[in-house]
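Presented below, as C-alpha cells, is a lone chain in the form predicted on its own.
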C-alpha cells in the first residue's frame, strides 16, 4: 500500500512532534513496518527521484502486506525538509531521505526520535539510529568518459552540473580522466545550474555548451531536458539516473542508471526481523547499484567493446577510476603513479582535474 502525503499536513514544533511520536510508536507495535521516503524532486522527473520511487515500489512488490510505504516529493533542502522528516518520523518505523541536503536535518530529527530508524542517501554522517548509503556514480562516469573520448569528433564535452558538492565534482573528474586516456587533449566544459531539477535551466545550459563547441553532453541533473536538447541539436548525450533513451533515441549513447530496489528491500527486511543496524555503505557497479543503459546508435562496435572492457575492469576491481598519475587544472601532480585517492578524500573532493573548464 502506498500513501502520498500532502505536504500541507505536516506538523511543526516539538510538542506536536512528541505527540506524533507517541502515536506512531503505538501503531508500530501492531501492523506492518511503516517506511517513508523523502524526495528532493518530483517522482515524475524520470531521473533521481523517479529511480528512488521505483526502489520503493520494489519494496512493496517484494514484501507485500509486511510493509506500508509513503513518500513526499518535491521537498526543498533546508528548513522545510526538517519539518517534513519530523512529521514522517512520528508515524513511521524507518525514514529514507534521498538527497545530500537532507543530511543535517535528518541527523537532528534522528536524535529526537531514537526508536525510529533513519537512512540518508549520499551523505557521510551516521548515528545509533542513523545510517548512510551512497552509490559510486563516478564509476558510470568513467564508462561514459571512455565513450566520449572515442566518439567525440571535437574532443570537447559539455557537462551540466547540478550543485557543486564532492559527489558531482568527482563525477566530472572521473569522466574527464577517462576521456583523456583516449584523447589527451580532451576538454570538459561545465555549467552549473545550482539545482537538482530545473528542466529550463538544464536545457539552457546544454544549449550554451553546444554553442561553445561541445558535441558530447553529460549531466548530473535529474530531468531529461539535457538529452532532449542534445537530440534536437544533433549531438550525443549521456542520461542520468534512469534510461532516458525515449527522450533522445538518436542522441543518447548510454545512461548512468541507479538501482536502489535491492538495498531498500534488504534494509526493510532488517527492520522486520530486528537486525537493522546503523552503517555507512558505498555501493557501485559490483553490487548492481550503478549500471549503464544499453548503448545507442551512435556507439560504434569498437567504442562499445572499449566501454564494456572498462566496465568489466571496474566490477572486477582491477581498474580504479582515480588511479594516478592525476594532475589538477593547473597541471600540478595530485596523485602519483601507482597511487589512488582514498574514499575519505573522494568524499571531500573540491578540485578539478586537468582538462576541466569550470
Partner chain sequence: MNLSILVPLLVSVITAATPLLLAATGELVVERAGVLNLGVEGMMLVGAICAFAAMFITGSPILAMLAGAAAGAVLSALFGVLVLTLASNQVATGLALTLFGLGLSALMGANFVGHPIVPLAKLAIPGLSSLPVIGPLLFSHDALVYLSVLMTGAVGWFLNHTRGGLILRGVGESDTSAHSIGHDVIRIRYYAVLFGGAMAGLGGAYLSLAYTPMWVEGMTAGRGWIALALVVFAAWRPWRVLAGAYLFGGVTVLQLYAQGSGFVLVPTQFLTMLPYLATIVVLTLMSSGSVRSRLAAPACLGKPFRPVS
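In this text, the rigid core denotes the largest set of C-alpha atoms whose superposition between the two forms falls within 1.5 Å. Residue numbers count along the first chain shown, from 1. Remember, it's a predicted structure, so these values are computed and weren't measured experimentally.
Beyond the structure shown, there is the form predicted in complex with the partner chain, which is absent from this document and is the topic of what follows.
* Out of the stretches listed (312 to 320, 41 to 49, 297 to 305, 56 to 64), which one is close to the partner chain in the model of the complex, meaning heavy atoms within 4.5 Å? -> Of the options given, it is 41 to 49.
* Asked: According to a 4.5 angstroms non-hydrogen atom cut-off, is residue 201 in contact with the partner chain in the model of the complex?
  -> The answer is yes: residue 201 has a heavy atom within 4.5 Å of the partner chain.
* Asked: Does residue 113 reach the partner chain in the model of the complex if we count a contact as any heavy atom within 4.5 Å?
  -> No, residue 113 sits far enough from the partner chain in the model of the complex that none of its heavy atoms falls within 4.5 Å.
* Determine whether any heavy atom of residue 127 comes within 4.5 Å of a heavy atom of the partner chain in the model of the complex, and answer yes or no. => Because no heavy atom of residue 127 falls inside 4.5 Å of the partner chain in the model of the complex, the answer is no.
* To do: Verify the contact flag for residue 278: yes if a non-hydrogen atom of it lies within 4.5 Å of a non-hydrogen atom of the partner chain in the model of the complex, no if not.
  => Residue 278: no contact with the partner chain in the model of the complex.
* Just one of 191, 265, 151, 182 has a heavy atom within 4.5 Å of the partner chain in the model of the complex. Which one? -> Going through each option in turn, the one that passes is 191.
* Asked: Looking at 228, 146, 187, 134, which has any heavy atom no more than 4.5 Å from the partner chain in the model of the complex?
  -> Exactly one listed residue reaches within 4.5 Å, namely 228.
* Asked: Quick one: which residues from 166 to 183 get a non-hydrogen atom within 4.5 Å of the partner chain in the model of the complex?
  -> Residues within 4.5 Å: none in this stretch.
* Does the distance between the two CA positions of residue 71 reach 2 Å or more between this form and the one not shown, the core being superposed? -> Yes, residue 71 moves 2 Å or more.
* Asked: Superposing on the rigid core, does the Cα of residue 324 end up 2 Å or more away between this form and the one not shown?
  -> Not so; residue 324 is displaced by less than 2 Å.
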